[in-house]
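Only one chain is included here, represented as structure tokens and corresponding to the form predicted on its own.
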Amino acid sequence: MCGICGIVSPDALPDLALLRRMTGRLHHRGPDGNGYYRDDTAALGHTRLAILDPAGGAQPMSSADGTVWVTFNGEIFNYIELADQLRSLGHTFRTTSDTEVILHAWQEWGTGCFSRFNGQWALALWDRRERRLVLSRDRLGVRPLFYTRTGRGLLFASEIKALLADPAVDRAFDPAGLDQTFTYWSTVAPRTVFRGIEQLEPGSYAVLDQRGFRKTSYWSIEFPARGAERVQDVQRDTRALREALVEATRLRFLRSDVPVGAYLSGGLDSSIIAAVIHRYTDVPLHTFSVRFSDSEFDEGGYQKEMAAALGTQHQDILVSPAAIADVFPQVVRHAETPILRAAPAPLFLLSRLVADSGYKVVVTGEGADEVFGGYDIFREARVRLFWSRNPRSVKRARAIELLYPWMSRSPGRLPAFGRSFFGRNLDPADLALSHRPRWDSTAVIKSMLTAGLRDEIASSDPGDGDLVAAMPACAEGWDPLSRGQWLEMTTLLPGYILASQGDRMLMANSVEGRFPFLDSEFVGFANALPARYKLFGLEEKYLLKRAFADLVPDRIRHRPKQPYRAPDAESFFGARPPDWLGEVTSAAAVAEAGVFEPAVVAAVLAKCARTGGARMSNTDNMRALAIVSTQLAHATFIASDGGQALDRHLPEPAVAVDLVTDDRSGA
């Protein structure tokens, strides 16, 4: 895993000093080496986390004739099979790296190569002869890729802080990006929360040449129409599911030239992945877990049970609310966006434990909930759809009491509140029925916005109508579960789960995450299954549980779904608030940021102070976290230069190619 950046400047020489500053701000993504390439139009930068072919995989890497260069962040897990295929077509390889496979695949298939890759990547290809830049991102957005345009031309990078190395890049929040974040929990590509900075959409590539800048989708999220799913044979599909996930896990665990560990949350998904590694490989397994000092969030008992069952070498880290507050400014610096939960912070601490233990790679269970309908939001939708067929039925309304049994404020304990909350927007024809309660709940944050910002948002009209309108025309024929999965895979998965909780928290400590449940072959298989194989009544992940019944203890396989959570407001407003909190949330700082009304913020903070942030409602927790994280984001990236703290003098580059000889080179 690595950091990539670059400049394409058709009208001026690319600034090498700027490129090196950009590269330096990505050092945490690749501390094992760095390199650059420059000619009279383009410059590519790279920081390397050496995982495959440590000796021969330095980047930027060129084709044998030196006409095509690549800087690549990620892994192509089927690179061995692709290399064999390319050899049969006459290609000769100099290294054993997947980076070189990308170059040969590009030369053989052009943009068609991306649909052949099974992996997680963000990459840039520069064709000197054609003066053409190609950017590409993996199907589900595991790896980030941002770009912006300035007077210099096009700048791109793995992280926004590298783009901010150019003083010409605007530093301001984007109202539409904030609106999306305060509705969906994250922006939706191509938007970010920063004005003028975009991200490449998952499953797409972009081309910049003399004809301009254009984007093309090479893959999209698809589901079969209801009734048109694959022919159902439970035993056959159970075997096929197991075979597909075992292969996806083996690829991610064994295709590495450095040791690979595994996260073990105590839930079903990570337990399955760890059990597959134990059963189907001969490599000793090292597992890592996060625990909490507050028993409401802790899953340590399940973690220890699974680790003992597999005989893994196991380590965990115990996280307190104070520890979350201590690292939260670093978390926001790496996430580069407001975040509405404190949950990324413990994962930042967990990846630090992994790095300190000598590991560069971990496999995790991320993606299973999206691919197999594991979230409670899908169960909610099933209940609400049942209720919508007769909204006046008291008996149907009571079905909501089956939701969230693990919560102290569950609908079963507070039925009147549950009926009020889940009984809104019961329109069975609504393609976003599954997500309305979450979006409505999150959007309460926007009541804190300044009048001016609300006006800007209203004039830009970036609301959920755009997202629903972006759903494929065939979505009306999908099962309602499939519609909910599409929304989840388009919003929360790439924008929060794989970004703020995933790539950013892992790479902050130079650790690569690998996600077997997001293997392209496995996702294609799962999406084609009938909805009832995923959500059988209200039992989530039905076929997945069946496929691995012999590998996972019953107590874990049948435990109630408990999503990963962490202490939110109480982390910041307990007995010892962090030193930085008062400064970033002061009336002056809030007024300077211009996002929230200072008087409203003061009222929310006063409530948090009175309660110590403990046992607050979901809405109040989101309000508090929105304020704290947005103010940190403003202080870090807008009021000051968010990457400057990471500026560093890079070691001697492993690759240093400068084809510019003009005195104006800026070297």
Partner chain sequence: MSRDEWPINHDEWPANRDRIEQILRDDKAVRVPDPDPELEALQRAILLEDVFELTLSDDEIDPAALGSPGSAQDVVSRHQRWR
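Residue numbers count along the first chain shown, from 1. Just so you know, these numbers come straight off a predicted model, no measurement behind them.
Quick note: we don't show the form predicted together with the partner chain, though the next part is all about it.
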| item | value |
| --- | --- |
| Answer range among 81-89, 518-526, 375-383, 285-293 for contact with the partner chain, defined in the model of the complex as heavy atoms within 4.5 Å | 375-383 |
| The partner chain contact in the model of the complex: residue 533, any heavy atom under 4.5 Å | yes |
| Distance check, residue 118 to the partner chain in the model of the complex, heavy atom within 4.5 Å | no |
| Partner contact for residue 538 in the model of the complex: the partner chain, 4.5 angstroms, heavy atom | yes |
| Proximity of residue 550 to the partner chain in the model of the complex, heavy atoms at 4.5 Å | yes |
| Complete contact of 239, 401 and 546 with the partner chain in the model of the complex (any heavy atom, 4.5 Å) | yes |
| Position in contact with the partner chain when the complex is considered in the model of the complex, options 226, 424, 555, 215, heavy atoms within 4.5 Å | 226 |
| In the model of the complex, the residue from 583, 592, 233, 130 that sits within 4.5 Å of the partner chain by heavy atoms | 233 |
| Contacts with the partner chain in the model of the complex, stretch 473-490 (heavy atom within 4.5 Å) | 479 |
